[in-house]
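In structure tokens, the next block holds one chain alone, the form predicted on its own.
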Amino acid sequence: MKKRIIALVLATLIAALTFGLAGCGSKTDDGNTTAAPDASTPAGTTETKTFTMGIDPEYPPFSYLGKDGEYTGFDVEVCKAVCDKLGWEFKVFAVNWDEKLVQLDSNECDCVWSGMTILDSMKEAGYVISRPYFDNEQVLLVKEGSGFASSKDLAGKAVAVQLGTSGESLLNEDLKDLADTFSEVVTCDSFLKCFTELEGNAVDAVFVDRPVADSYVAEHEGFVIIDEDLGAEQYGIAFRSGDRALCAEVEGAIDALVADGTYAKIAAKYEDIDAGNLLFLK
């Protein structure tokens, strides 16, 4: 009788242990534990990949908050079309532009795609950079009637530039001689703050990417662009080191969007973007 009771107890313990192990997962050949299948997920299904795009949220016409409260812009629309093409869930993460690569490395986004200038320093640091997709130039935006017709006219004047941008790098390096003629280079954490400084006469000019300047002039009266090219550059998409396959997948989807006409249709919606500067269309 005692033996029968002991046997029943042992059987119960074995059943309980077996159930517990099944609930916690099982060991793989490499020693890692695999989670048990979710009962709510049908067998054979795979989870949809989520692709998070890192953007400057105040960078029209490439990325900005629309009147409907949703992020939009040329880059945002193209990325969304890429995700639709690949069957990915699309998400947007607003980065601090001066900390964009730190936030990329910390997996807060899967790429930085927002009118980002391709810099050799990024490649040297190991970041995977897409093929260039846009030719850009740096210009000076001033108030209409200010009398400033060239960069030389701004000697002794204050000029604003966004932190973490190629414009800031140019003023610290290649255009340092020009920057030294200014009374002050004021750095702001967004272009909109730069423009606010100009509107309030705190600075005399803003050093900015031409498409952004074009967009601002189109929507705000009383501002003009000095017709002087102060630095040619190209935009690209930055991915983490080791994400070359992901970069190639995104580029392939963009090529498909070019082929089916979607890319050109998106570009046509943004008058401030010169289609002749869109390198994927060439």
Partner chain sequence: MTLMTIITKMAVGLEKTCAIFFLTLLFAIPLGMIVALLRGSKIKIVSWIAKAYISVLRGTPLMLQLIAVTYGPYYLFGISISRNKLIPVVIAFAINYAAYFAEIYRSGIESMPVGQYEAAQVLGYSRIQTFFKIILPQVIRRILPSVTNEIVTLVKDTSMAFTVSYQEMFTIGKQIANSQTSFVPFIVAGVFYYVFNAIVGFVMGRVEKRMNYYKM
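Positions refer to the first chain, counted from 1. Being a predicted model, the structure only gives us computed values, none of them experimental.
The discussion below concerns the form predicted together with its partner chain, not included here.
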How about Glu197 - does it come within 4.5 Å of its partner chain in the model of the complex, if we only consider non-hydrogen atoms?
yes
Using heavy atoms and a 4.5 Å limit, would one call Ser150 a contact residue for its partner chain in the model of the complex?
no
Just checking whether Asp98 would be counted as a contact of its partner chain in the model of the complex - the rule being heavy atoms within 4.5 angstroms.
yes
Its partner chain contact at Ala155 in the model of the complex, heavy atom, 4.5 Å
no
By the heavy atom within 4.5 Å rule, which residue out of Glu184, Glu137, Glu108, Asp84 makes contact with its partner chain in the model of the complex?
Glu184
Under a 4.5 angstroms heavy atom criterion, identify the one residue in Met116, Val212, Val203, Leu141 near its partner chain in the model of the complex.
Val203
Where does its partner chain sit in the model of the complex: which of 87-95, 129-137, 71-79, 186-194, heavy atoms within 4.5 Å?
186-194
Taking its partner chain in the model of the complex, would Ala125, Leu163 and Glu168 all count as contacting it (heavy atom within 4.5 Å)?
yes
